[in-house]
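Presented as structure tokens, the chain that follows is alone, the form predicted alone.
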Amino acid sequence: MNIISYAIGLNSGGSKEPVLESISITANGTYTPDAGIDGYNSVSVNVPQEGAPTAEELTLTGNCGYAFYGGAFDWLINKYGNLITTNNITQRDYMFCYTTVSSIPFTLNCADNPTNSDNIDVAMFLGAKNLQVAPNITGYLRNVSSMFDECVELHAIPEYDINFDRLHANKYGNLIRIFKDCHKLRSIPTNFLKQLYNLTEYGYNSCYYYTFDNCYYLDEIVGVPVSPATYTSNCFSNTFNNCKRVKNIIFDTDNGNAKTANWKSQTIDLSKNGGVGHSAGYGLNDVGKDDGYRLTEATQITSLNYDTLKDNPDSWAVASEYSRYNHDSAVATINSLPDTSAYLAANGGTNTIKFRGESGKLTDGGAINTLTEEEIAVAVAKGWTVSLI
């Protein structure tokens, strides 16, 4: 650390002898004396930093798989991240897996590499437990499985400019665990989900496994992709489990019209804490540490404050009767369900969607078990059995 001393004026006795004060120089830059100081000019400091990487060394390109795996180079991101650039990254698998950085302040420019491994992008940010905002990504992605798995502090995802055309040619291209355990994620850009529609042409059977599992804070899930692949065994294991604040679960549609899907034996289970309110202790470990995206005790819905908090975007409920996911929510989900009737007519079988019947019974939307025969008939016509638990 360099020290510079300069005069700040007369001493306390009024003599002309200068009084000196030291300032610390902690980085390169220009340092200017305080106002009213005579005889001293600004000082510019530009000392070469020993060991600092060059611009060429701070450019990432080619195979970057495992590049920051395990946090070994977290110091590089923290110290020089704003200087890092990327160009035509051909391999991104596990690139930031188990890092401990809170931000990645550079854009990932992902090259189109159609002949490369199906796992070119797998688990890119897996276990990056301190990451709060996902970095910007441009170019191509081939595999998004486990992309943000276990990013427990992640609360924001940009509106990506990504090309997903290669997903349909990837036999493992799926949504498995992409957002699993993103406890504090508040929203997912609709366009990001909608662009994932060509998940696979191979019918990978665990396509939607754990996609939104334990996303405690999600407000809504709009644009759930409808894969064009043929699925004959259940792809929806724990897909929406523990989405405890969700008020809407909407599948992607064609301008409001249900998409057609070649599915049978599918079970979408919204009865096991998925869309049925919030349970104490889940995702509320940071109550009182309000930094703009966490929930607080002040927004917990009870019988005493429902009318005040029901439209609050930060509200949450412990009791299922105040669940934000209620009868009206279930109707919206049913209306968006893919139409599987033609495939079932030709191949036999059925599909099932399960709800917790009492959810929302004390809300304006009403309990799910008040679904009318006409509302249930919409699901039945599309090949779905509605189950109330």
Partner chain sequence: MKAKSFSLVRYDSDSGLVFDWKEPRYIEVPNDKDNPEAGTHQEQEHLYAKTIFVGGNDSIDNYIEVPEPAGQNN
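This is a predicted model, so every value here is computed, not measured. Residue numbers count along the first chain shown, from 1.
Omitted from view is the form predicted in complex with its partner chain, to which the following refers.
- In the predicted complex, none of the heavy atoms of Asn143 sits within 4.5 Å of a heavy atom of its partner chain.
- At a distance threshold of 4.5 angstroms between non-hydrogen atoms, Ile157 is out of contact with its partner chain in the predicted complex.
- Mapping the unseen interface onto this chain, Thr86 falls outside it, with no heavy atom inside 4.5 Å of its partner chain in the predicted complex.
- When its partner chain is considered in the predicted complex, Gly349 lines it closely, a heavy atom lying within 4.5 Å.
- Comparing 319-327, 359-367, 334-342, 57-65 against its partner chain in the predicted complex, the single stretch with non-hydrogen atoms within 4.5 angstroms of it is 334-342.
- Screening Tyr293, Phe192, Tyr209, Tyr80 for any heavy atom within 4.5 Å of its partner chain in the predicted complex leaves a single hit, Tyr209.
- The partner is absent here, but in the predicted complex a heavy atom of Leu126, alone among Ala134, Ile301, Leu185, Leu126, sits within 4.5 Å of its partner chain.
- Along 252-270, residues Ser265, Gln266, Thr267 each place a heavy atom within 4.5 Å of its partner chain in the predicted complex.
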